[in-house]
Ligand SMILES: Cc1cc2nc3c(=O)[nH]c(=O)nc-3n(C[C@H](O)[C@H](O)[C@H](O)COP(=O)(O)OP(=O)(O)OC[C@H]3O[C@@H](n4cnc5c(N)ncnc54)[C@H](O)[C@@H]3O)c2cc1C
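We begin with a single chain expressed as structure tokens, specifically the form predicted on its own.
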Amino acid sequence: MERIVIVGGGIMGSCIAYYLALAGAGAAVTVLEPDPTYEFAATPRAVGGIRLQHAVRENVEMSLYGDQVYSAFAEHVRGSAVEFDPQFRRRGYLYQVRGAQSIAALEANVRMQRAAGVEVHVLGVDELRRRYPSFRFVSVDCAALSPADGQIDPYAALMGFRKAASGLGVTYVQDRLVGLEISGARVTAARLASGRGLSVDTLVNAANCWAPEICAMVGMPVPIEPVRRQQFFFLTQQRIEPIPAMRRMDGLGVRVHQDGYICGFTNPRQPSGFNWDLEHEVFESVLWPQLAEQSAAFEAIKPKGGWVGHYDMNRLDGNPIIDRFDTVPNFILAAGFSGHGLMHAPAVGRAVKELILDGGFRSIDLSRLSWRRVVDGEPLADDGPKA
């Protein structure tokens, strides 16, 4: 049986490993993960949203499959003696826009989402204020509400897939890839930091923000960079009605988290690269005033810290690259998810399994998420909500 080496044991690598194992190839799969505690990995630092609203149909279809898996996790993820519950909860998602052009784009996307099977409603400002009386909805003309959107515990989902993959025969190795041997336009071996070598028939790069380093080993330039995402947690004195995750087109977002709320922030002008600093002054001087403008309940709050994670941002178009590298065809890349990785991981795991074992995509056609669009400089048009 051919040897499949997966670089990166986070949610993406573990989903790929799991679906390969579910298809009977577990004994042939080795996952390289340098840090089994996942201290700096993206998955445990994610918010855990399973969002059904996207402007690219493939993303909608992947989210729908993610919803199917996460909402009935024990039925879909089997193989571990220990059960992990990602605690799926339907919270809803409300994407707010302003201006005629943005409204037209939202309505077009809603038509596509409905055709794909998503329940989504377009609401005017009067209806928004009626449903959510604690909010003023200033600088908003209308919004799209998808009430079935969910939220999960990212770490539990990761461990569920990892343990299930291991239970089905996948081997996890705590080590770091430092080099690849290539012969005849194929990866033949992986060199590890420990000095060990692994023979390779297929190599899958699921290394998230570190994926470009692995791509460079085979001469595959990719526009993927780590971009910091800050999350700020706060409590309110005033109780308000239950709300969905709310996001405006300018990027301001707020959602329920534990017994309070979180507000996320990604500065589009910040330099790429790893930055683990949580800028409390950004929350106090920039985000808090905007929140208070939206709701009186957010005028008197108690900041309680937060955390930093990083997106594996695809600078071309904010969408992933899931494809073989044509120059080295046994090298497969699955990265550049730009904040969508957790929700799309089950679908990507299934899709990469299909690439390796079935000869191509079978369940969802992801051919538009190809490496070729990078080469040709042809980004996918995406005017929908960003992560």
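Residue numbers run from 1 along the displayed sequence. None of these values were measured; they are calculated from a predicted model.
We do not show the form predicted in complex with the ligand, though everything after this point is about it.
S.K.: Quick one: from N319, Q53, T43, N330, grab the residue that has a heavy atom within 4.5 Å of the ligand in the model of the complex.
M.R.: In short, T43.
S.K.: If the cut-off is 4.5 angstroms on heavy atoms, which of these, K163, H310, H257, R248, is the one near the ligand in the model of the complex?
M.R.: Here the answer is residue option H310.
S.K.: Under a 4.5 Å heavy atom criterion, is Y38 part of the interface with the ligand in the model of the complex?
M.R.: Yes - in the model of the complex, heavy atoms of Y38 and the ligand come within 4.5 Å of each other.
S.K.: Even though the partner isn't displayed, in the model of the complex is Q113 close enough to the ligand, meaning a heavy atom within 4.5 Å?
M.R.: No.
S.K.: Answer for A351 alone: is it within 4.5 Å of the ligand in the model of the complex, judged on heavy atom distances?
M.R.: So A351 does not count as contacting the ligand.
S.K.: Is D85 close enough to touch the ligand in the model of the complex, meaning at least one heavy atom pair within 4.5 Å?
M.R.: So D85 does not count as contacting the ligand.
S.K.: Has each of V7, G48 and A207 got a heavy atom lying within 4.5 angstroms of the ligand in the model of the complex?
M.R.: Per the other structure, all of V7, G48 and A207 touch the ligand.
S.K.: Based on heavy atom distances of at most 4.5 Å to the ligand in the model of the complex, which listed stretch, 229 to 237, 94 to 102, 113 to 121, 180 to 188, is the contact stretch?
M.R.: Of the stretches listed, the one contacting the partner is 229 to 237.
S.K.: Just give me the residues of 328 to 360, first to last, that have a heavy atom within 4.5 Å of the ligand in the model of the complex.
M.R.: Going through 328 to 360 in order - heavy atoms within 4.5 Å of the ligand in the model of the complex - the hits are F337, G339, H340, G341, L342, M343.
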